[in-house]
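Here we start with a single chain on its own, the form predicted alone, put down as structure tokens.
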């Protein structure tokens, strides 16, 4: 017989460590045609970080993301980056990128102020133009300003910057301090069905609410949440490294190390909870690793809700669940206390 259950799990997760130096750096140059080139040492591993960093440059310069060419992870030409770790790329590298773009923009604004005969404080960059805030009709194209800056003024619009969250050492006596620059929060709810005759679990639906600060690219945030949930389902139900008595792994391939496929994925409802971090670029924090954290405990809580057994050893395979159900049934036999009658 199949039993329905619902489980919930909440979490908080740190972004951008501060116990040790955690810097990123970037270079942004504005080209004569009004496009921009970003040099960053960060690594793209499928999470969409280069798209987000390009968007940060575009937002700062007032151009389209398609007009930003990103060169990354080439140590011959790109500046230093601590790495795509600790869910830090948007928060730390994004800040370095924004500062570099702002430096390049400041040159453009100074040159445009001369060309338009106004004060720098009166100008803004938007829609591939530099224009007077209170009189948008008075404007000049970003390309013309970039060309003028280089050819006429001898000031190529180039910016470089680095960002390091303030390093705060932990108290050696108490262990207290501020080990991370920001924190994100999430809640996931899962609906499952558990077959009490086989122990098999089917995840029917996942509801996920995640705070990642201001979502620079909501579609990428949703994609990362979906990916984290996929990993969490595998962690909860199937993924396990097995060893023989000699310590040799006996399932070193994807034939018997089972990961979820697209056919195993349930419907997922995602709610991006918008907040604003005063330090993050445009209020953003991060969303990478936190997407995985609540999934497995939410599924295990749902299993408990469905059949009343608590699995504490991952993965919660059908065999483990069935054994726990049988143990519970034996303990419920009249005259036996929980645990009695076990062999």
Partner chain sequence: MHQVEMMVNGQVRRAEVPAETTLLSVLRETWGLTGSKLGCDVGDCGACTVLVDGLSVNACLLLAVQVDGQEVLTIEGMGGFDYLHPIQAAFERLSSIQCGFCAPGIVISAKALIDKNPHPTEQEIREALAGNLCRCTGYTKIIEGIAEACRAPAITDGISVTESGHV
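Quick caveat: nothing in here was measured; it's all calculated off a predicted structure. Positions refer to the first chain, counted from 1.
There is another form of the same protein, the form predicted together with its partner chain; it is not shown, and what comes next is about it.
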When its partner chain is placed as it is in the predicted bound form, which of 225-233, 161-169, 68-76, 115-123 ends up with heavy atoms within 4.5 Å of it?
225-233
Going by a heavy atom distance of 4.5 Å, is residue 136 a contact of its partner chain in the predicted bound form?
no
Residue 255: touches its partner chain in the predicted bound form, heavy atom cutoff 4.5 angstroms
yes
State yes or no: in the predicted bound form, is some non-hydrogen atom of residue 259 no more than 4.5 angstroms from a non-hydrogen atom of its partner chain?
yes
Although the partner isn't part of this model, could you tell me whether residue 265 comes within 4.5 Å of its partner chain in the predicted bound form, counting any heavy atom of the residue?
yes
Non-hydrogen atoms within 4.5 angstroms of its partner chain in the predicted bound form: do 11, 81 and 279 all have one?
no
Scan 144, 239, 200, 271 and let me know which has any heavy atom within 4.5 Å of its partner chain in the predicted bound form.
239
